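Below, in structure tokens: the form predicted on its own, a single chain.
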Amino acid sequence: MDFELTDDQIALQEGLRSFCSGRFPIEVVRAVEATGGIDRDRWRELADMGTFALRLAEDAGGVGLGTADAVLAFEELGRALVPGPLVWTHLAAGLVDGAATGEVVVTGIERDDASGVIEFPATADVLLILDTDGAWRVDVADLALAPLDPPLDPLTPVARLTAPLPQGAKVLDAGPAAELRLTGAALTAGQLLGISTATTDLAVAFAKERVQFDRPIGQFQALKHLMADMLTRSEVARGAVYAAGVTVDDPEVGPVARAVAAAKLTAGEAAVENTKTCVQVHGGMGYTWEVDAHLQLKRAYVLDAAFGGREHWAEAMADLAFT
């Protein structure tokens, strides 16, 4: 397995990073709280960049790339804290008309999710439901929902179902739906990886600038150790996440479920622990609204739970360790 990125993959990452820097600076990201978590114009711009159609075949209007490439793209989206049901809309490309072009915003849920929490209830158009029998679509307008306020992540508004989920219209059979679930977990791991690296960069930059006792605090050994651990967690997660993308594309490399479990587990740990450490490096001001670390921490917790939390994947990893 070759983990070296190709020139095209590097260009993909650099292009999306530049796009996110220009169209989703942190000031814009913070502002979408007032628009239900999604700016429709920028959402369509994301679609124009090919974000939702990356894995869709070219003859179907997509870019025709693989999951390994999509993971790199979602790493950049996670790094920039781009809001919205990015993974669900990406998964819906080719299944829900308008998802690939950004005209339709798709959110999603597992049917056995006891929380009954729906993300982006006011701005999503379609709900994609995954269960053991397949994937199903339901119009969000047909759901009975009660808003939950405030949400854990201020940029991820949520509501709770007040009535059972409707069955919906079937868009995938059981086998492809199971594969879709694994792909969703791999892409979410990519977002978590992006958060873990972004918070490492944020902590290091602050430690170079903040001066105490006439010295930048980054020179103090205790903080060096904290930030070295952040880098280590991110790089371990990077190997697992990239491996998952490659394995989803080519199952002959190894068991797909095991690769995805390793990716989601390590990326979730890296993102959550790195964001907490970033707050710690910032000291007392790290808890304030003005410092971006709290937004990264809250997004990390939300994404860590998506498509199965760390406990779920730890148990899966234990079951798959010797298969």
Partner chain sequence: MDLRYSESDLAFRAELRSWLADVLPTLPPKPAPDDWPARRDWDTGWQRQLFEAGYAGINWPKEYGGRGATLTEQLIYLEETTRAGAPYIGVNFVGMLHAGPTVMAEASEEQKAFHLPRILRGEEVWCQGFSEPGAGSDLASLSCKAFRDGDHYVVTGQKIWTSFAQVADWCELLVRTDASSKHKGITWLICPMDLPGIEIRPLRTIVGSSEFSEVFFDEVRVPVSQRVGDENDGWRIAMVTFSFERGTGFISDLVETDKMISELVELAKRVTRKGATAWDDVALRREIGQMQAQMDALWAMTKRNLAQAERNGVPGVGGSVVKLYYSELFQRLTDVAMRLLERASLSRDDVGQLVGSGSFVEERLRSTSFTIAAGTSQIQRNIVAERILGLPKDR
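Residue numbers count along the first chain shown, from 1. Since the structure is predicted, the reported quantities are computational estimates derived from the model, not experimental observations.
What comes next is about the form predicted in complex with the partner chain, which does not appear here.
If contact means a heavy atom within 4.5 Å, which one of 177-185, 77-85, 98-106, 203-211 is the stretch that engages the partner chain in the model of the complex?
After filtering at 4.5 Å, what remains is 203-211.
- Task: Decide whether D113 counts as a contact residue for the partner chain in the model of the complex under a heavy atom distance cut-off of 4.5 Å.
- Result: D113: yes, in contact with the partner chain in the model of the complex.
Review point. If you check in the model of the complex, is A169 within 4.5 Å of the partner chain, heavy atoms only?
Key: A169 lies outside the contact set for the partner chain.
Item to check | 4.5 Å heavy atom contact, G94 to the partner chain in the model of the complex | outcome: Because no heavy atom of G94 falls inside 4.5 Å of the partner chain in the model of the complex, the answer is no.
Is there a heavy atom of E33 no more than 4.5 Å from a heavy atom of the partner chain in the model of the complex? Contact with the partner chain, yes.
Three-residue site R17, R55 and A198 fully in contact with the partner chain in the model of the complex at 4.5 Å by heavy atom: The answer is no: none of the three residues contacts the partner (heavy atom, 4.5 Å cut-off).
- prompt: Going by the partner chain in the model of the complex, which residues of 176-196 come within 4.5 Å of it through any heavy atom?
  reply: Not one residue comes within 4.5 Å of the partner.
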